[in-house]
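Given next are two forms of a protein chain, the same chain in both, each as C-alpha cells and marked structure 1 or structure 2.
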Structure 1
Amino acid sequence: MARIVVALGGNALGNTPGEQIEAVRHTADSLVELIGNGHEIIMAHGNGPQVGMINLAFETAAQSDETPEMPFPECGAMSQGYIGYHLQNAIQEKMAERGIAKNCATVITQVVVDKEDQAFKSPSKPVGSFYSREEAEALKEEKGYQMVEDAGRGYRRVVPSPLPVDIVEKDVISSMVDKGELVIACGGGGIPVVEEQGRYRGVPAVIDKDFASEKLAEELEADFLMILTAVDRVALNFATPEEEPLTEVDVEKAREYCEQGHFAPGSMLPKMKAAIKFAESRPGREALIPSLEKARDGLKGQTGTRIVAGS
C-alpha cells in the first residue's frame, strides 16, 4: 500500500459545469480503482480555466451592474469550492459503487508564498479577459494591474506565479489522511497568501498546481507524486519526428532535459520540475507522470514516465 498525491490539471476539468461533472466522474473512476487496490490517495487539482471563468464573470458583471469586484484570491477560493464539490461528489459515488467505506471531502486550502519571491517582480501568468490597448492602459493606471499583450489576441492582466513555501492547513489535511479519509486539497495550487504581521493576507497570484502538489506530497510523507497529464508519457523532442517517450529517468538526466528545453513552460516543464523536486526530497520517493486514463497502470510502471532519484 502506498500513499499517493495525485495532481489533476484544470484543463482536464472542462470549461462548463456540465463538462466538469462528466470529467470528474471519469477521473473518479481511475482514482477509486487505485483506492480499491489499497492505496491512500490525496487529490490536488489545477483551476486555470475555472478561476479564469469566475474572474471573468465578476469582471463582466462589475461593469454592468452593482456586483462588487472580486479579488483574485477570492476567485480561487470559489474555484476550490466549485471543483471540490464536483470531485468529492463523484468520488463518493464511485466508492459507494465499489463498496469502499471511505469518507471524501474538500478542505479549503491557503498556501503561503514568500513576499520576496522573484515572481512578484515579473508577473507572468495571464488571467481574466482580453482588453484593447486603451483599456489595458486604463487598468494599469486605475488599478495598478500589470498588463501584457497576449499572442496577438489583445492585452491581458498578468499575475505573479510564486513558489509555495508552506500549506496553512497541512496539519488538518494530514490528520484526515491518517484517519483514512480521501482529502481534496490545494485546489488551483492553493489560495496564495503571504505572512504579514501575524496574519495571512491573500495576494493576487497563481501558484502552480504541480509545485503545490509536490509541497503537499512532501508534507504528507507520500511515497508517490502522480501528476496526471493528457499524454501517455513525457517525451523528448515532443511533436517532432525525433519524439522519444521517456519511461524512466533519474533526476540528473531529467534536470538536463529541462535545461535543454525539451519541455514546454506552463505545461510539461513545471510537471518535470515538481517531479524532480519530489524524487530527490527523500530516498525511496518517486514521481510518476502518466495519462489520466492510465493512472493505475502508471503506478505499476506499465505506462507513464517515472522520475527517480539518481543512484
Structure 2
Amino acid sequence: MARIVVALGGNALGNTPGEQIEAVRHTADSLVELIGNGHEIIMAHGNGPQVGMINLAFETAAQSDETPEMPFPECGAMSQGYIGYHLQNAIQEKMAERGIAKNCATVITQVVVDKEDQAFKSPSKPVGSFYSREEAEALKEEKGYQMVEDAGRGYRRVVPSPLPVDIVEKDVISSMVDKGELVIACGGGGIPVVEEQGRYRGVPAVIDKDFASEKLAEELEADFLMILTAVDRVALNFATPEEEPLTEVDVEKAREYCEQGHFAPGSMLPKMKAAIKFAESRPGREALIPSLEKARDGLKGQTGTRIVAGS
C-alpha cells in the first residue's frame, strides 16, 4: 500500500458546473480504482478556469447592480468549495458502489506564500476563460487585466503565482489521512495567504496546483506524487515529428530538459519542476505523470513518465 497525492488540473474539470459534474464522475472512477487496490489517496486539484470565472461574474454583477465585488482570495475559497463538493459527492458514490467504507471530505486550505516573492512583480498564472485577441485587448482596457497568449489556445488573464511555503491546515489534513479518510485539499493550489503579526491575510494570486501538491506530498510523507495530465507520457519535442516520449528520467536529466525549454511554462513545465522537487526530497520517493485514464497503469510502471532521484 502506498500513500499517494494525486493532482488534477482545473482545465480537466470542464467550463460549467454541468460539465464539471460529468467530468468528476470520470475522475472518481480512476481514483476509486486506486483506493480499491489499497492505496491511501489524497487529492488536490487546479482551479484556473473556475476562479477566473467566479471573479469575473462578481465583477460583472457589481457593474450592473449593488452586488459587491469579491476579493480574489474569497473567489479561490469559493472555487475550492464547489469543486470539492462535486468531487467528494462523486467519489463517495463510487466508493459506495464498490463497498469501500471510507469517508471523503474537502478541507478549505490556506497556503502560506512569501509576500516578497518575485511573482508578485511579474504575474504569470493564467486564470479564467480563453479569449480572442480583440476580447483580451478590451479586458485590458476596461479592467486593467494583464492578458497573455496561452499555449496557442487563446488569451487569458494572468495573476501572480508565488511558490508555496507552508500549509496552514496540514495537521488537520494529516490527522484525517492517518484515520483512513480520503481528503481533498489544496484546491486550486490553496488560498494564498501571507503571515503578518501572527495572522494570515489573503492575497490576490493563484498558487500553481502542481507546486502546492508537491508541498502537500512532502508534508504528508507521501510515497508518490501523481500529477495527472491529458497525455499518456511527457515528451520531448511535443507535437512535432521528432516527438520522444519519456518513460523514466532521473532528476538531473529532467532538470536539464526543463532548462533546454522542452516544456511549455503554462502546461508541462510546472508539472516537471514539481515532480523533480518531490523525487529529490527524500530517498525512495517518486513522481509520476500519467493520463487520468491510465493512473493505475502508471503506478505499475506500464505507462506515464516516472521521475526518480539519480543514483
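Along the sequence of structure 1, residues get numbers from 1 upward. C-alpha atoms forming the largest set that superposes within 1.5 Å between two forms make up the rigid core. Quantities reported herein were computed from a predicted structural model and do not represent experimental measurements.
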- Which depiction, structure 1 or structure 2, is to be taken as the form predicted in complex with another copy of the chain? 1
- Task: Take P160, A212, T106, A275 and report the one at the hinge of the rigid-body rearrangement between the two structures.
- Result: P160
- Any idea how many degrees the smaller rigid part twists against the larger between the two structures? 33
- What Cα shift, in Å, does K140 show between the two structures once the core is superposed? 9.4
